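Only one chain is included here, represented as structure tokens and corresponding to the form predicted on its own.
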Amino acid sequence: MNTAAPPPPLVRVSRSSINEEDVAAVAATLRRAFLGMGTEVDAFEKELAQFLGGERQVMCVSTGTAALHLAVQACGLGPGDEVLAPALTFVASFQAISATGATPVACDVLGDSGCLDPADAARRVTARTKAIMPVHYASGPGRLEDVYALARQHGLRVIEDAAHAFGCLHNGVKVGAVGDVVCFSFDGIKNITAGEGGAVVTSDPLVAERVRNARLLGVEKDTEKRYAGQRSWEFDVIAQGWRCHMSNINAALGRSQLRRLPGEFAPRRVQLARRYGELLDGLPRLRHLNLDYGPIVPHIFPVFISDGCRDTVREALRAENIESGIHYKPSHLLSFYGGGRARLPVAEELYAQMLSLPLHYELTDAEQDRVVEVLRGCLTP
């Protein structure tokens, strides 16, 4: 007879939160005749622009990676060009650059934020550098003003990878309301989800028009036709395009989730992050990012564990059926992007110490207490 105790309930590191209103929004769209890109996408774009509170052009696309890819292409970058980017980012940032034929140039990061180090980036500017892609790591902006100052000094485009930062404020203004080109992700575990999806936000009409065309295989002015419930039959294509548009199904979910962000998702994520800070402060060999939660709505909650204890803590969490994550293996260590030929000491040190703790809207206080209890058991003498 097996008398072993069952494992404790699984604590997910991240997950979607879908309620009946979300389901109803998608179901209503499924009952309509056209499921591709149409009126729901048009409405989602307008609601996103209104949410950001500025006169911004918003183009919804199939994924956050597609948003970055099309933004880089729309800024006129291609073979022979270089884009500065922080090493500590998901590989999607680098893939979006190299997909255009341009070369991502890995830069080191700041130890207190994980975001791009502007001084290190400045040392890597060459005659081929055409853009810089700061990443809002763990939803924080880092030294974004210094990044824009560097861009102005060298005449560079700035393409913000704000995949973590939807709904955040920077200097009292929503991320995406200002800036050169800003890209969001709406995948399944972001601050809001469209199932899959992303958006490019800009005030540059040429970039906006290029993104609109490129997401629909380069077919000129096809967006206007789709939003009117029509298709382009006689058209021209003057540039490389991709099939990267958003569907009405994804947009319907995104619209419903957007309505839930201010009253549900953002307050709970902020509450959980603040609570982690209170529970973890003073714990030896562990630090977390000192972010201004409230204006910053956290997508992930990474901690940094010193003295070679990170993997021990991760295994202890796993033994208690608690998931954790590694955000991220620095892209310059990946074989396709140099395999570690360049040395970026801060990014590499953070990678060796980082561990992302569970954080999502449906995480309970009791589950969070379980996480903290394991950490205390591992790290307290």
Ligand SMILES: Cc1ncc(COP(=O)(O)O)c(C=O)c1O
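In case it trips you up, residue 1 is the first one in the sequence shown, and so on. What you see is a predicted model, and the numbers here were worked out from it, not measured in a lab.
Keep in mind the form predicted together with the ligand is missing from the figure; the text below concerns it.
Stretch 90 to 98 is the answer when you ask which of 140 to 148, 90 to 98, 170 to 178, 74 to 82 has residues with heavy atoms within 4.5 Å of the ligand in the model of the complex.
At the 4.5 Å threshold, heavy atoms of residue 328 reach the ligand in the model of the complex. Taking the partner from elsewhere, residue 190 is found to have a heavy atom lying within 4.5 Å of the ligand in the model of the complex. Contact check for residue 310: no non-hydrogen atom falls within 4.5 Å of the ligand in the model of the complex. When contacts are judged by a 4.5 Å heavy atom cut-off, residue 135 counts as touching the ligand in the model of the complex.
Of the listed positions (253, 163, 201, 159), a single one reaches within 4.5 angstroms of the ligand by any non-hydrogen atom in the model of the complex, namely 163. Heavy atoms of no residue among 298, 302 and 357 are located within 4.5 Å of the ligand in the model of the complex. Shown here without the ligand, the chain has 63, 64, 65, 68 in 43 to 75 lying with a heavy atom within 4.5 Å of that partner in the model of the complex.
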